[in-house]
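So this first bit is one chain, no partners, the form predicted on its own, shown in structure tokens.
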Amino acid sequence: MKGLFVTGTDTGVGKTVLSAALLQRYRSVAPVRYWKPVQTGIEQDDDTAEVRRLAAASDAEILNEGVRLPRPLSPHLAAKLADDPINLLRLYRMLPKDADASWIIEGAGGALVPLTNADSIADFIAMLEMPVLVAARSGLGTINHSCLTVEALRARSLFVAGVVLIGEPNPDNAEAIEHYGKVPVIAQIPRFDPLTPESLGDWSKANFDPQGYLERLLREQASSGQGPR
């Protein structure tokens, strides 16, 4: 599947803002579409609606199907309590196989969050055969969390396209993650006050992926017709 799977080192690290930034930054490079396959706590949070707002996205850029569960818990537990078990193959079949689209797919929580008794977010990424972009906090603790996440993904033969730090910019942490994790830090997204489509869009177009790592990846996918395993 062409595009990027956005996972995180934890819940609440900024995957949704990152996903919106990706749409803002790359819609001029390739046709981009966003999907949140699994959302828990849907009565309190709607990441799809937030990406639609922050990316100023059209209806064509958003896929609103997916598993939507009421309790703000790990997906496997929220699904169990709702008596609505998650089936990875059913999820996979929800995704239109549009040959032209580059998908920005946002996971739930971190890479090893369980979706079922046997399957994690990482297992679903492997099914999709997509490169992974890791969202991480910029502050204390992020070196360990980021490197652990990258290591866990690579142990499953998944391609990690990079890490994006979110919060107060921290060049030292970015340098350490690149050195010890042997992975590029694509960008450091600051906190926006206020966080609006305009502020995020202006920043993303000017500052996101200054080395062009992801832009080259998306262009290569478009020319080859598929993403790397």
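All residue numbers refer to positions in the sequence shown, first residue = 1. Quick caveat, the model's predicted, so the values are computed rather than measured.
Not pictured, yet referred to below: the form predicted in complex with a small molecule.
The stretch in contact with the small molecule in the predicted bound form, judged by heavy atoms within 4.5 Å, is 184-192, chosen from 156-164, 59-67, 23-31, 184-192. The closest heavy atom approach of G12 to the small molecule in the predicted bound form falls within 4.5 Å.
For the chain shown alone, L214 is not a contact residue for the small molecule in the predicted bound form, no non-hydrogen atom being within 4.5 angstroms. When the small molecule is considered in the predicted bound form, L218 lies well away from it, no heavy atom lying within 4.5 Å.
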